[in-house]
Each structure stands twice: as C-alpha cells, then as structure tokens.
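Just one chain is shown here, as structure tokens, and it is the form predicted alone.
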Amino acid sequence: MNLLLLSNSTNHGQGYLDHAMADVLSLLGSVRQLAFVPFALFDREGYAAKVAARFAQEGVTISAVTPDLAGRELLEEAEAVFVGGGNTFRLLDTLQKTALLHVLRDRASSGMPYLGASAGTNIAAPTIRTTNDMPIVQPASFDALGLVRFQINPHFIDADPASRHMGETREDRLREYLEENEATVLGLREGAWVRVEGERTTLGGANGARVFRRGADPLELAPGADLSDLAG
C-alpha cells in the first residue's frame, strides 16, 4: 500500500496542507489527477473548491467524488485519492450508504496512493472508535477501511499540567477505550503523520506520537520511528 495519513490538514500559522505538501507530492509521484472525497463536511462543493485551489498551486487537478454511480466510477478509475477531514461519523456513514467504502478499500489495498487528513485518517484504521468527533449521525457500523492494523487518534493533545479543566484528558479517553478493546492506539499529534510504503510504516512530521496498549505505559515515539511492528 501507499498511504499518507495526516493528523491534521492545517498547522497553526500555516496555510492549508502547507506543513505536509512536500510529502503529499512525494506520495503522488507523477500523478496529477486526484480524486477528492468531501463527505466529512456538509458543504461538499465549497470543500472541493478549497482543495482544488490549493492543489492547483502544485499543478494537480481535483475531481470531487459524489455519492452516486458517477462517484463510484471516479474512485474505480482514480490514480490517487484524498479523503478530507471533518466529521468522521458523517464521512463513514456516507461511504457505507453509497457502498463506496469497499471501493476505497480495494483500490487503496491494491496500491493506489491514499491521502487522508483527520477524519480521512480515522477511517484508514480498523474502526472509528478512537475518533474525537461527535456522533452527529449513526453509521451502520464503526468498522472502517482497516488499511493499517492499529487504531489512530488524530489531533492527540497532551495534558496541560497548568490547566484548571477537571474533565478527562485525551489520554484518559484512550485508556477508557483500552478497558474495552485490545487494539493498539496511535495518538498522532498535530503536525505528525503516518507513512505506509509497502511493508514499511513510519512516523513522519514534526511532533511525534504516543502509543497506547492495554496493560502498558504509553510509549513516546519521535518523528522517523518505525511503526511496522504495531499490532492490531
């Protein structure tokens, strides 16, 4: 497989995808036609226009996937795909209802370059159980693409020791997940990403990640770490 799974699409103080564009272009290689899945946001046309404007700066043309037969045909023939961020439940629900989920899975599993950001990264995991999003719709199942063997928590935030907030931290939430589930979770900080190239999986970006496993202390990973041995 050939995957680039971004925690976020915009870093503070930078433009859309600026922090990761060099790696995005590396993923695409010679591809200059990109299918874009806008289902995670309500305004799909506006979303597609924003993505098209950004990629036009790089000489890449965007075609928006629609939730119909034309969208299916686009995905089946696409040279590469970008699944954008937004609400993960809405994204997965639309992909399930339109039967596009298995098309995405088949194409990405066969080597088509897959770029995900936030929600698009969430659905690359086996399930969306570790998303941060509110369940504004109810998918038929939490099962997602399963392109990687581990769960992902994009936008992972470390606890602020100076905060007066008394609610659960992100780490608390992931520990709750592990009370009921066995799967390893990768807490992916802002500005970090997962790169899958064939059998090799590595941690990219600037800010690292934390690995959570049931019955073990979290493991801190620096950019460049090898993730190939993360168990499902």
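All of these numbers come straight from a predicted model, not from anything done at the bench. The first residue of the shown sequence is 1; numbering continues from there.
Just so you know, the form predicted in complex with a further copy of the same chain exists too; it's not on screen, but the next bit is about it.
Remark: residue 109 does not count among the residues lining a further copy of the same chain in the model of the complex, judged by a heavy atom distance of 4.5 Å or less. At the 4.5 Å threshold, heavy atoms of residue 179 reach a further copy of the same chain in the model of the complex. Taking non-hydrogen atoms only, residue 99 never approaches a further copy of the same chain to within 4.5 angstroms in the model of the complex. In the model of the complex, a further copy of the same chain lies farther than 4.5 Å from every heavy atom of residue 105.
Checking 115, 95, 128, 145 for any heavy atom within 4.5 Å of a further copy of the same chain in the model of the complex turns up a single hit: 128. Look at 5-13, 219-227, 21-29, 204-212: in the model of the complex, residues with non-hydrogen atoms within 4.5 angstroms of a further copy of the same chain sit in 5-13. Within 4.5 Å of a further copy of the same chain in the model of the complex, a heavy atom is found for every one of 86, 133 and 139.
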